[in-house]
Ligand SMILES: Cc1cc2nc3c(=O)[nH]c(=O)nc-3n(C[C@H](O)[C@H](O)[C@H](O)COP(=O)(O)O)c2cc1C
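Coming up is one lone chain in structure tokens, specifically the form predicted on its own.
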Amino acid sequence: MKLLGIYGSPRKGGNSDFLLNEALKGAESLGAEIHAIRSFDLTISGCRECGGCDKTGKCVVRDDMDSVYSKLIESEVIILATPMFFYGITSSAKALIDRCQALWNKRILEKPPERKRQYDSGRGYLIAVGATKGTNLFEGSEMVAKYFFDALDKSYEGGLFVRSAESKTAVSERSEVLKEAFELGRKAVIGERFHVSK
């Protein structure tokens, strides 16, 4: 099976990267074919809301998103990892997600109405890391992730949510969190839900 990891942080080698790396190792340990992209390294403009994809399910904007669409479609599992920026996901990850309006339209155009509530293309998971301890820290990012995966015809199966990670490599010193990330990768391959909040 193909699994795509999306590194959503503009900072390489930080906490969300550490956790996604562990999750990918967990998935690979069960034989998954791993692919990864870093949203910040791509040139992706925001959705123009131009309606160009309404009747075709294809975006009319030409940029690096052209190479991302096939990866999103072909992957049976996607794990999105992001730090929290003002209680939300990063701008580069959000631009990628917003451009999936085209895939939402593709789903609407191609899927019979009676199957709209079924997910036939796989599963999605979220890894989110924040410096604060806020009770509602991850609510916004979870909603975005849920509807991102919905647009891709994938079910949202939860994720790993880590608070109090202030320094760049804080999670590297939290062995229990790294183990949870590895387990998330394994559960993603098996097809099980996963929800751990630390």
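None of the values given here were measured: they were computed from a predicted structure. Numbering starts at 1 and runs along the sequence shown.
One more form of this protein, predicted together with the named molecule, exists but is not displayed; see below.
Note that among 98-106, 85-93, 71-79, 116-124, the stretch whose heavy atoms approach the named molecule to within 4.5 Å in the predicted complex is 85-93. Annotated contacts: 11, 129 and 137 all touch the named molecule in the predicted complex [non-hydrogen atom within 4.5 angstroms].
For the options 152, 165, 27, 145, the residue carrying a heavy atom within 4.5 angstroms of the named molecule in the predicted complex is 165. At the 4.5 Å threshold, heavy atoms of residue 17 reach the named molecule in the predicted complex.
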